Structure formats: C-alpha cells, structure tokens
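In structure tokens, the next block holds one chain alone, the form predicted alone.
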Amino acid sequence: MTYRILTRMGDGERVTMSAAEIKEDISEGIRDAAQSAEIPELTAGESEQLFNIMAEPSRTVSVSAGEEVVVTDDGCSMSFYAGQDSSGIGVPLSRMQAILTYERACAADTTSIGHSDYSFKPVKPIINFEMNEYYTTSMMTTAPLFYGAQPNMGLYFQPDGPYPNPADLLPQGKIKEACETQEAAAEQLRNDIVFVGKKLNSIGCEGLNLDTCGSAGDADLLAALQAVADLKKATPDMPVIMGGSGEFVLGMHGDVAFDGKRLAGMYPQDQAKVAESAGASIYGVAINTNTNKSAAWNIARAVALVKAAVAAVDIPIHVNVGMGVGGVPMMEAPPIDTVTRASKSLVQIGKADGL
C-alpha cells in the first residue's frame, strides 16, 4: 500500500496524497509564483524542507526554539464578542474586556482596537468616542495597542457615499468618468485617514493599522500610500502598518502611480517597495489561496512570493495568515494543522519577519 500523507485542499477539505503528489504540487506552486510575479524559484533544498513540513505526521508543527516571530493582529480580539456569522464565539464582552483577555489569556504579542465596521469613513464622525475608548484601553494594556481600520474606498461610492460608482460607469463605457470618480474618492479617503490618524496620535496612539489596502483597486491603494506619507510627516513617531488586500493590485483605474511607480498589477515585492517609500513601518503581504489546489501548492506559492518581498525591502514583512490568505484554507475557522504548516514555512523558508 502506497504511503499517504494527510493534508488539505485550499477549501479546507481533508484529503490524503502520496509523497510524490505533494512534491509535484510544491513544484507547481513555486513555478506559478515565479512565472506570475517574475521572481526566482525556491531552491531544491527549500522545496525539500517544505515537503518535510507538509509531511510531518504531527497534527500541529512549530518553528525551533529561538526562531519565533512577532505576531501582529487586525482585530483578533473581536472574535471573542462577534457573532458566529463573523467567525466569533459571541461571548458578552466589551471591547476592552476582549482586548485584555486576548493580551493576558492568549499571551498576545500585540493587541488592537477598532470600530465594529472597521473602516475609516464611519470612524471619522465618531472619532472623539474612539479616542476616549482607545486612551482608556491603552492605560490597561502592556503589549502594543494598535488602532485598526480599512481604507475601504468602496464606501465612498453611491449608494453608500457621495461619488458616482465606477462599477456602474464602466459597463456604460464611461471610462474617463469612472477614473475621475475614483480619483475624487481617493482624495477624500486620504484626507479621512490622515484626520483619524492625527486625532489618535494626539492621545498617544501606539500604532495605526491600515488593513486591507487596495481592496477597491489601485486608487484605493494610492489613497492609503499618500495618507501614510502625510502621516509620517505630521506624526513621525507613530508607527503605521499597511496590510495588502491581495497578491495582485487590481487596476480598477489603471493609470495611478505612487513615487513614479504604476500601482496596477503590482505583486507583493513591488507593493512592499512602495509601502516602504511611503514610510510604512511594517507591510503585510496578502497571498490569495486557490481553493481548487492543495495546501502544498498554496503554501509553496505563498512562500516563494513572500521570500521575494522580504528580500526587496528593509522594513519588516508580516504575512497575512488567515482565512484564504498566506496558504491558509478559505474557511471561517481555519484548521490548526494547515495554519501551523503555513506559518512555519513562511517563517523558516520565506524568512517572514512576522505573521
């Protein structure tokens, strides 16, 4: 009987594969990353190391002592009080209670607080309440406390916002109008991020987390980069983290640039470069998971992309390792067996500075 290795698919399905099949998927995942992003492939030794991690029989795996990395988060404490439809467990806790539980019971390296909507636009009108909540909570925490929110430029388009929706204009062939409305929304988003950031800095914010930058395309990423550059001039001592929304910047506008670099089509290594030039303290790369491929394929591909991003910049790279990114299956409650294998591979082979 052929030896079979228990593993998963990108959608979390539990499957068994032979050693040869896993090795082949690792090779294919690496090739796909190299061809897509025009980056070097992993070495034969690194591929073998990755196979050994995937084939390890233990339910969970870990790095060796002394190789641990810092874990940053984007609202993990929300899982305590959020409903099950949002991957939470619905415990009746306040935001502060959840943060303190996460810090003290889970031994978190960092903690964070954010509005339940987790976007800058709805935070702006209630910033005084958020400042008070942040300040009070920061007096109780020991680990670094970040304030997190998404740029989420989609909220600035109709029917939620004031600007015409490019998704309505583009099918009508109104390309110029679609570009103009994105530029206008991006400028408003930039101003809102800077406004919120300055207010939080005034009460001692220990770090601002711009989560899922570029979710509405290249103009969304442009607004985030410009806001970071503005904040680094106005509040130079406040660390700013940027997290990507995907491995490939969608060209919804197609012709916007930052620091002379066109944003549409950027892969993680180039995203990290513009984040660094804007003044970001940490960049969180996001590598999409293919649900039709195996965990071995997805993790190998993520590792190759992350290794290239780490080598491209001097700022720390913290990989997004969650639901459907970083080699982790697309599940609301990702399985620990695959999460730990992805994490170990990204750190030991991809040389990620954090997760």
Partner chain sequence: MSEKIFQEAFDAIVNGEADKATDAAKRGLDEGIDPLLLMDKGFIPGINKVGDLFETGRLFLPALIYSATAMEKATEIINAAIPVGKELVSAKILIGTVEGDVHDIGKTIVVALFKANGFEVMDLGRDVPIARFIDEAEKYGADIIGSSTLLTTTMVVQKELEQELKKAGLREKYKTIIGGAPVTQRWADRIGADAYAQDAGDGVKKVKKLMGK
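Numbering follows the first chain given and starts at 1. Computed from a predicted structure; not experimentally measured.
Another form exists, predicted in complex with its partner chain; not displayed. Remarks below refer to it.
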Task: Contacting member of A98, I127, M252, I113, with respect to its partner chain in the predicted complex [4.5 Å, heavy atom] - done: M252
Open item on the list: Taking a heavy atom within 4.5 Å as contact, would all three of E41, E46 and S119 count as contacting its partner chain in the predicted complex?
Closed with: no
Open item on the list: in the predicted complex, does R262 come within 4.5 Å of its partner chain, counting heavy atoms only?
Closed with: yes
Task: 4.5 angstroms heavy atom contact with its partner chain in the predicted complex for E180 - done: no
Task: Distance check, M330 to its partner chain in the predicted complex, heavy atom within 4.5 Å - done: yes
Open item on the list: A216 versus its partner chain, in the predicted complex: is there a non-hydrogen atom within 4.5 Å?
Closed with: yes
TODO: Counting only non-hydrogen atoms, choose the one of 90 to 98, 119 to 127, 185 to 193, 170 to 178 that falls within 4.5 Å of its partner chain in the predicted complex.
DONE: 170 to 178
Open item on the list: Heavy atom within 4.5 Å of its partner chain in the predicted complex: which residues of 139 to 160 meet that condition, in order?
Closed with: Q158, P159
